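Next comes just one chain, in structure tokens: the form predicted alone.
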């Protein structure tokens, strides 16, 4: 534990400014939205349910992932609470949106969507050139973004970079995500009781923009013409693709422009790193399309244990069953190893409570050192976000209390024993934080423990974006 405490203190004491100045430029896309945060407890649910004038039926399973009625809302919420799982569903009716606004108290309004959260974060820590793919120019949405983030503006046939603060256009398409943050407890849904054993979030999106992974033509064309000015692209939002509400479009039709864009970026700038941030993806067909048509064209992916389960279910059903029964560090490693066996070019970053694992093709000791530092920084920023809810500058990590997770350390020791036996090596992986073979390098750290976190939304995005940013500087 002591060695990791010292490692964190070394990173805190380092001046990040010279490192950040080496950043060439970062592209961020594609999902940006307005998040309305709603806190729910057993008492809140009891109050809302008591207002309903009919019996809520939670027995009948829903084939669709669209919330078309209040009953659908309660059904999906019940399932999410039962599993303690972060789920996301779409609504297409303004009436349901209005019902949510009337019946629940909105605690906070903030920028949402992985791309929006990441763009704001990178500006807060002084990354100079952040170009954001903004799907619509909505005034309420743009007010939530750092005003100096760059977007592509179109005047006639001329494309130019403009800071968000200088955009006067307004498009009124609904782009709201209701984020229901729930806590552990016993929830009552009429005659149905559920024991929620894990705090998490449940998201209902009134958003027909991100569901088609909208990329403005202006951003598409400008990014191709200027891709050599960027060293990193962080992309996300594919989990929101929803062809069920766009009957004229298939999944292929929706994601093809993004895939083609990645191919063009890599052809014109082979040195650019494209990082794909995965999110909970309910649709199995969509997951398969992402695996087959997106993962071959990106360099790096970030995911948590639930997202790993979702994708391993498609890639290797046997490993899926193993993971579903036991989310140990050994089994999680086996899961990401299965992905790397199918896509050996990928850098795979798994963030889990207590530790992070990053698996990639073999890398040098110099890059191992940089990657460890990037993971430590990610843990520091995540701890500060969880504790204080917002990052205001890169100096915020100076205030983080260094409490290294004992649970994380225990899991890394278990993984160390497995690796040494499986690959016939003698290593001190848990203390050194890296393990290498002719086919892969694994880098890991125990994370900082935060008691009573105040923020859950965006933690994964913070972890992945900080780690891949400093990994590539």
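Residue numbers count along the first chain shown, from 1. Because the structure is predicted, anything quoted here is derived from the model rather than measured.
The next section is about a form of this same protein that is not shown, the form predicted together with a small molecule.
- Figure note: of the listed segments 181-189, 77-85, 106-114, 370-378, the one touching the small molecule in the predicted bound form, with heavy atoms no more than 4.5 Å away, is 106-114.
- Between the options 203, 272, 386, 145, the residue in contact with the small molecule in the predicted bound form by a heavy atom within 4.5 angstroms is 203.
- Only one of the listed residues (266, 259, 239, 394) places a non-hydrogen atom within 4.5 angstroms of the small molecule in the predicted bound form, and that residue is 239.
- Proximity of residue 447 to the small molecule in the predicted bound form: non-hydrogen atoms within 4.5 Å are absent; the residue sits far from the partner.
- At the 4.5 Å threshold, heavy atoms of residue 35 reach the small molecule in the predicted bound form.
- Using a 4.5 angstroms limit between non-hydrogen atoms, residue 177 touches the small molecule in the predicted bound form.
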